[in-house]
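In structure tokens, the next block holds one chain alone, the form predicted alone.
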Amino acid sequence: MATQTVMKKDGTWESEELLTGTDAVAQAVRLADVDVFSAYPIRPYTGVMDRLAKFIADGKFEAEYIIADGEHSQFEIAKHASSVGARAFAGSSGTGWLFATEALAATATDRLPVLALVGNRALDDPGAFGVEHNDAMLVRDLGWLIVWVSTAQEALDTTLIGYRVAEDPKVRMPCAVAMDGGYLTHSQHMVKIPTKEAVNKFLPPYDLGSRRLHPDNPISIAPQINEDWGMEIRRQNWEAAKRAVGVIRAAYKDFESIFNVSYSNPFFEEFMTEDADTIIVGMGTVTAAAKTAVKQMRKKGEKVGYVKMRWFRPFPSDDLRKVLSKASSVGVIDRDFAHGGPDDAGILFNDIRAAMYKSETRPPMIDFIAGLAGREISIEDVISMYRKTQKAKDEEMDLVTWVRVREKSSSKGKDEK
């Protein structure tokens, strides 16, 4: 493993290492001094539990490491650990994340700030290990915070930020850090690792306050309620999600002041959008191809830009609307599917379109379903998306395009499966 010292005079950074995306999350879990880590292996998430096991074996990390008998049990362990005041971590991928659905829902409605890594993976059947975003999106309306990362450095930073936001008394919601399976979980990047002292300045100890389950604090979490109280509880969770927006802004501001790392807008990254006539929006590792496409088209004098979404929940409606309203046309890359959804478009597209309803300009929008089951989205693919999006400002285009799909798979009748 390549390692080099990058210690700054203020002691902010400890070293720089060549890490995979899952390695980077494991480093953040170690630095966050997580108390309980529940685990059950499933590709492509598994790398994080392997690295944490090595940290414990090498004496670099002290935590209660609990191997569960399945994903459901794994997340139940994390949920209950969080309720008694332990900082908890878990993770999964694809159908493993779905197997834990009951526990994931209860963790959100109980407002327990567990942090989980979702190594995005296609949903079975047929079996596939490639990336899709539908697994993490499963909990988008349950009360989970969801944030996508596109580099290993961002994975480490965002895990720390995720704990800071989730555990804030004004929020107390679980947080899912999502990363593309294979393209990020297993690829290696040079990552700056902060010192424990710097992390302690940024991330306060976990404290549930009066909500901590303890013999000296006889309270009830998740009591059975009748119809008279369900609405009030849902409203409380709704208010917490609204407050999360301000807490996220404050967390990134503090992160920048301590680590001297700027994320500009916490919710998304803009790339050459200031004078862009055409903007495409995407999430995850497609960003590398998208940025390269923008650079190539800019050299030809074309005013194009890219927006990389980070936070999917809470959704940054106001901020995103301000940026996209300046464009003449907007494209959205959906690495997800919503069969039978509004206008047969993807999930991200329809969320963005809903946010743009209040825009005075309402630029024409096109949705691109791409990269499902791990299929590569190439630079040429993104350039083609830009070309089609550019045309949308002058002529009527198909609302949804499936990118580089075999045409026979779209046939009907005897070939339909």
Partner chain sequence: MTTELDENKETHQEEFPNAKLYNNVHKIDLQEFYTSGHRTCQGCESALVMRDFIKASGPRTVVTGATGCMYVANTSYMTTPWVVPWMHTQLGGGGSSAIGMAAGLRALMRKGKIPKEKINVINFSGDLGGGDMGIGGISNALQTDYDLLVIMYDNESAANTDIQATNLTPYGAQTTFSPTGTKERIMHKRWKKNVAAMLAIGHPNCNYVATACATFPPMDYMNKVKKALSIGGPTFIHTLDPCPKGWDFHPRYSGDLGHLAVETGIFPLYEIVRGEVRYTYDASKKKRIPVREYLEKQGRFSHFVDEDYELVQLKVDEMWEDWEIPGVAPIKGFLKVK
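Fair warning: this is a prediction, and the values are worked out from it, not measured in the lab. Positions refer to the first chain, counted from 1.
Below, we refer to the form predicted in complex with its partner chain, which is not included among the displayed structures.
The partner is absent here; in the predicted complex, the one residue of I219, L123, A288, M190 having a heavy atom within 4.5 Å of its partner chain is I219. For the residues N134, S317, T273, S73, the 4.5 Å heavy atom test against its partner chain in the predicted complex is passed only by S73.
Candidate site formed by V36, R212 and I233: every one of these residues places a non-hydrogen atom within 4.5 angstroms of its partner chain in the predicted complex. Checking 383-391, 347-355, 55-63, 368-376 against its partner chain in the predicted complex, the stretch whose residues place heavy atoms within 4.5 Å of it is 55-63. Within this chain, D69 lines the site of its partner chain in the predicted complex, having a heavy atom no more than 4.5 Å away.
In the predicted complex, its partner chain sits within 4.5 Å of a heavy atom of S83.
A residue is said to contact a partner when one of its heavy atoms sits within 4.5 Å of a partner heavy atom; V261 fails this definition for its partner chain in the predicted complex, lying far away. By the criterion of a heavy atom within 4.5 Å, D336 is excluded from the residues contacting its partner chain in the predicted complex. In the predicted complex, A106, D110, L112 are the residues of 104-134 with at least one heavy atom within 4.5 Å of its partner chain, listed from first to last.
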